[in-house]
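Consider the single chain below, provided in structure tokens and representing the form predicted alone.
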Amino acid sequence: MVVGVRPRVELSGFWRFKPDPGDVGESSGWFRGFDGDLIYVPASWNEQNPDWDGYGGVAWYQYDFHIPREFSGLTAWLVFEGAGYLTRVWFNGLSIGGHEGSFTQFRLRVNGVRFGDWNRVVVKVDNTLKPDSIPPGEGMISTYFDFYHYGGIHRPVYLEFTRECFISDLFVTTRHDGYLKVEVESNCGKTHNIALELIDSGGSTVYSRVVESRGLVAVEDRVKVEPWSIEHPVLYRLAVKLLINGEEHDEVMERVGFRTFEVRPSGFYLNGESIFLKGFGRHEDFPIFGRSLPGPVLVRDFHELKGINANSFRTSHYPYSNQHLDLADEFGILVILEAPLVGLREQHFKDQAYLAKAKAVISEMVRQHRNRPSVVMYSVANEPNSIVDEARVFLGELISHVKSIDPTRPVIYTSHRHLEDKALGLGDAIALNTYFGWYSETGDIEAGVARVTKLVDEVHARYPDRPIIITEFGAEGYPGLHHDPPVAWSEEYQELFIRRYIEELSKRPYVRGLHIWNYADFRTPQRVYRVILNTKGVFTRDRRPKLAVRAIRELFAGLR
């Protein structure tokens, strides 16, 4: 993610909001302005008003704000870090574009700015869930996935200003031995200079260089730095400036860490040392805020992750916010960055238009986060129903596409079809979601453990050159429900289930990662087998620990 040092006008705050279930707003001219209720941005709309709670469809946002006269002469860009599912935007009554997808950042060029005056942005958000959405479904209840389909402007919005020539993309590759490669792309067709400066946490410059460019330039070098690791997540600031005749026309700043992550047949390696991935699946979900996790909650989560001896998580089942992954960089937590392709069915694998849309979403995800030291792997899909031959072609295309954008990181997808999966073995590692002892063998944890160990033995025999990570395992633990002996839904059952899985699977040398499902309880669509929430979290939705937390802390401490 490129962090600009460009002038900005932040647009977080209280906006006007109006549901549009009949989709009449556009024909009625709402893009010029409308009367509505107050809503806070960034946050999902669903829990900010009981009347909007189960709403999935079209809704409108409006915000009036002042732009300083000092920005006159600069080009304005309206940046959304996450909104959707379908977003269309007007600025002072003029359409400036739109975007498909809820979880990736997009920017729209703004014309008609009134400098030194008040301006109005109007946003139409359509959260209608369809079979060709990413992720897919058929309405708020008939989702193809098991988490709540929030709507709205979930993440920060701001207006950013650039000069005529600016830096349009930045790709930074590092290794723990000090290798540095910086690829800078600009929109500037005339000859200019790119100045690089690497700055340590104390503010000292440890490396600088100036090179000539005409739009795209790559610089490779070796620098003397401290490596980024789980124990010591050392970060540097990389300042990149665009200079024309010695005058600065643009500057962006990226935080980078020097680390090497590899997948070998024997497992996962960070900076040349074997590492066991221990952690969780997570969701961006919190009361009232919906898909937008407040900063204090994120800080609490990362302190808990370190305190429970976790070292990694997967962004199930979509890329997370910039702030979320900023903290992963800061705390030294390894991240499997997952695309929002969850619940794919057979028809998706045969649809070339859907494949093209999936590639576009993945491109945005990778380009937004590929410079982060915490992001060590990509996952292109979660639990696709990949039991047909077309699935292998589809997932293979996605994996190749990711590697064409970022060849430096391994790629996986997570399978729940196991040995029936036609695409199993395509990724750099094998990722399995298993719930034996919960969805099957319910109430009999030992039978479930026997079945999962048999499965991983069989998978290893078939793919001996691929390490295995169990990306999901867990059981519901309803908060405050206790029973002796442990029975399904009790906190005791959840604790024993997780304990036995970790004890037995960690004995297999080819199982090199265990991610518990889930870190915290999260909201789901209405289901007869859910009480509003999925309670597989080892913390409640408001972050109170369950019985399993102590056992996990002890067991994770022993996995090195």
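The numbering used is simple: start at 1 and walk along the sequence shown. Just so it is clear, the structure is predicted and the values come from calculations on it, not from any experiment.
There is also a form predicted together with a small molecule; it is not shown, and the following applies to it.
Heavy atoms within 4.5 Å of the small molecule in the predicted bound form belong, among the stretches 62 to 70, 517 to 525, 495 to 503, 25 to 33, to residues of 517 to 525. Although the partner is absent from this view, Ser321 stays clear of the small molecule in the predicted bound form, with no non-hydrogen atom inside 4.5 angstroms. A residue is said to contact a partner when one of its heavy atoms sits within 4.5 Å of a partner heavy atom; Arg155 fails this definition for the small molecule in the predicted bound form, lying far away.
Shown alone here, Asp169 lies farther than 4.5 Å from the small molecule in the predicted bound form, counting heavy atoms only. Using a 4.5 Å cutoff between non-hydrogen atoms, Glu458 does not count as a contact of the small molecule in the predicted bound form. Against the small molecule in the predicted bound form, the set Asn382, Tyr435 and Asn534 is in full contact: each member has a heavy atom within 4.5 Å.
This chain is drawn without the small molecule; in the predicted bound form, the residue among Asp146, Glu226, Glu262, Glu138 with a heavy atom within 4.5 Å of it is Asp146. This chain is displayed alone, yet in the predicted bound form one of Arg291, Lys278, His317, His348 has a heavy atom within 4.5 Å of the small molecule; that residue is His317.
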